[in-house]
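Presented below, as structure tokens, is a lone chain in the form predicted on its own.
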């Protein structure tokens, strides 16, 4: 029975499965800004979130969590290997990131990608109420908009791509490129992180399909499709609140003490992914130590590399390279009890992350290519005393929002090194001026504003109950975010 007037479709549900010692399964909400932004809309419209529950085999029955209906999709182990690890992350991911890593194309992967997208579309078509709004998320589900349009032409369909969208010459390398492009054109609104990505998309409709886009719009089968930029953000108030806790503040002081009270702490926090530029960042730090521009123990680096896609060969190779470089740096420049690089291949809770952010004098966010990179925004929001410095890649989407950061070209090792030194040696007044400006921007442009702007463009009235989650964020009334 179709009954949901607002539906979010994503690869994963916004919950994690937890099994206790007696084998009982419960569900815990996953961290992340997307569910925070969309929760009021889902509740106000009796909405449903459709996605994979994170376990292979038969999907659980639909259930409620925090007042949101969750509708799990079944995925087999073979489908995870082919649809997710294969076509999504070994074909699309490297290609969309400007071919940072060689991409792999296999026909069996495409078949699985098509079948899984069809399953998502069928489940959504059955769940959606007449005239419902459906918001589809990210690169794993690029065929769903057209599949859903074919089954339910009455729906209002939006799609948002969280990663970069490549220029014409790169996209043209993709097998089944026509199917992908036509899949996205099934939406009424196709959202991207940056304006150039939307321009790339519209250029492809002209190049591959012979359409004539005008401004942000292209006409498809007598239907207007809008392509535009909607830069995603974070729950700024929540990050500031955590950073302001005594727990996080005290832990930040402990971290600096554990590091030996250095003059400068350089921090990197990334998924262990080849797009994040971790290897180049470490090499730049090593050369700065070789040049004598940085010295241990006065300057140390902390690199958090969160485990990611460890069954994929490219990621296993990357981990080996990163760990060898860390070992080389510490072997050459570390001292007894005082390593030059503190390498942490693990995940941390939000309090430990907030403490790390506050303990860092310089935050290094230097991806080779990134759709946005929310870590940069998390760091800025957590800098409640405005004393830190952000070194940010020009090729991260966040560079378009955080313009007061120390912007660097991660492909240019000399520029990267100079950026680290400039940030570390910047005056306290300069750092404070830059950080305050960035935090003011994030206070006004948080994840809720992102969701509002997209849904308003999709045709959801901004004054509806969906946009009345309660009192304004604490950060709106206080200096700093």
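Because the structure is predicted, anything quoted here is derived from the model rather than measured. The term rigid core refers to the maximal set of C-alpha atoms that superpose within 1.5 Å between the two forms. Numbering follows the first chain given and starts at 1.
From this point on, the text means the form predicted in complex with a small molecule, which you will not see here.
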Give a yes or no on whether every one of 271, 353 and 373 sits within 4.5 angstroms of the small molecule in the predicted complex by heavy atom. yes
Taking heavy atoms and a 4.5 Å cut-off, does residue 281 contact the small molecule in the predicted complex? no
With the partner left out here, check for me: in the predicted complex, does some heavy atom of residue 426 sit within 4.5 Å of the small molecule? no
Could you tell me if residue 378 has a non-hydrogen atom within 4.5 Å of the small molecule in the predicted complex? yes
Quick one: does residue 304 come within 4.5 Å of the small molecule in the predicted complex, counting heavy atoms only? yes
Among 263-271, 198-206, 316-324, 399-407, which stretch sits within 4.5 Å of the small molecule in the predicted complex, heavy atoms only? 263-271
Candidate from 76, 173, 346, 245 lying within 4.5 Å of the small molecule in the predicted complex - any heavy atom: 346
In the predicted complex, the residue from 45, 453, 56, 36 that sits within 4.5 Å of the small molecule by heavy atoms: 36
Align both forms on the core first, then report whether residue 418 has a C-alpha shift of 2 Å or more between this form and the one not shown. no
